[in-house]
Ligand code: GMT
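Single chain ahead, by itself, as structure tokens, in the form predicted alone.
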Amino acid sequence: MKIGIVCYPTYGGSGVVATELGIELAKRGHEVHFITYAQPMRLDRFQDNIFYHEVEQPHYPLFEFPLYSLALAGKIIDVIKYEQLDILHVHYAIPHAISGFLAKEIVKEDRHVALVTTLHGTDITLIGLEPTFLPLVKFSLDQSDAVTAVSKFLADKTSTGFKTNHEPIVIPNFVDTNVYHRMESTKIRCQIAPNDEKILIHVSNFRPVKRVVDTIHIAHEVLKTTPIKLVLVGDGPDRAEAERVSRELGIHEHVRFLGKQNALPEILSIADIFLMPSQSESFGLAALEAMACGVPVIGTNLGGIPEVITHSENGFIAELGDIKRMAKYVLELLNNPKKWSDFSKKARQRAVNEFDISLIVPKYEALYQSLLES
């Protein structure tokens, strides 16, 4: 099949999933065309069957605001026509689904292309509910040939919030467990924890919804009894506040801000606990990647997180903002090596048995094939 993938190329989960999906589809012999405004972050190596089409935005004094939705639709039209696409798979509803629908309508006399929209979270739970956007999102979902959601939680939210014509198909996020696995990272561990301290880790885009500052408070509680290092990977609007709070609490020497990193499997492999105190996660891809590396996760009981973490088996789930309970769970694992080892093995097993890329990508292939046949 010839498949066009539209996504955000940034550090967020939707772009990561879309890119990894495209890479895997190309390995399976499909021709994949990425359409976006910058090269996707994880598309950092040459691979057969993968093509990248950059969306260029017009600059004209009359246009006070960028017209990305229209520029994207125009680029999609070009790619459909000249590359003879069979499938257009857009990730994140706004504005990709609208742009995809416009392109599909414009070319329909010359070529039929099936439009698949995958929902990732805030496009439905936050931005999509804005009164300005809600009718646009509902329309674009109704006009899609298929709608998928990365968790049952998100599928239910979509059905109740938008009352769409399509019942969203749940196809969960995935991880390549051949890439994400626990490995020897002695050099990195020595640099982060020279005195063999235990390591807590958090990976995100540092938006308010991720509650990064909560990880600082959790570390502060744990440090009262146990020497640890807290490693924060990523960047975003809440980084400065997290740095300020760590200094204010007097634990800044125990906190390392690594910024954006590509060597995530190596970094996750040094971690003892992964912290995900988010107030909203439609799935929790970062948690899944940690689990694949044998890292137990402590997260909140919100959104799709309970669909990934099994409480008291491969991690723990707590109420939003319950710093003391999360710190208690951290200490429970750090002070019990046998329990930690059991949780670590079960975290890895769940990633391999339920969410490996080899299990999930065929579901997208089957969906594409059913749309082409119909």
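Just so we're clear, the structure is a prediction, and the values are computed from it rather than from any experiment. Position 1 is the first residue in the sequence shown; the rest follow in order.
Beyond what is shown, the protein has a form predicted together with the ligand; the following relates to that form.
You can rule out all but one of 159 to 167, 180 to 188, 281 to 289, 234 to 242: in the predicted complex, only 281 to 289 has residues with a heavy atom within 4.5 Å of the ligand.
Only one of 202, 96, 89, 120 lies close to the ligand in the predicted complex, with a heavy atom inside 4.5 Å, and it is 120. When the ligand is considered in the predicted complex, only one residue from 273, 72, 113, 150 comes within 4.5 Å through any heavy atom, namely 150.
Using a 4.5 angstroms limit between non-hydrogen atoms, residue 13 touches the ligand in the predicted complex.
In the predicted complex, the ligand sits within 4.5 Å of a heavy atom of residue 17. The ligand is not shown here, and in the predicted complex it never comes within 4.5 Å of any heavy atom of residue 247. In the predicted complex, at least one heavy atom of residue 207 sits within 4.5 Å of the ligand.
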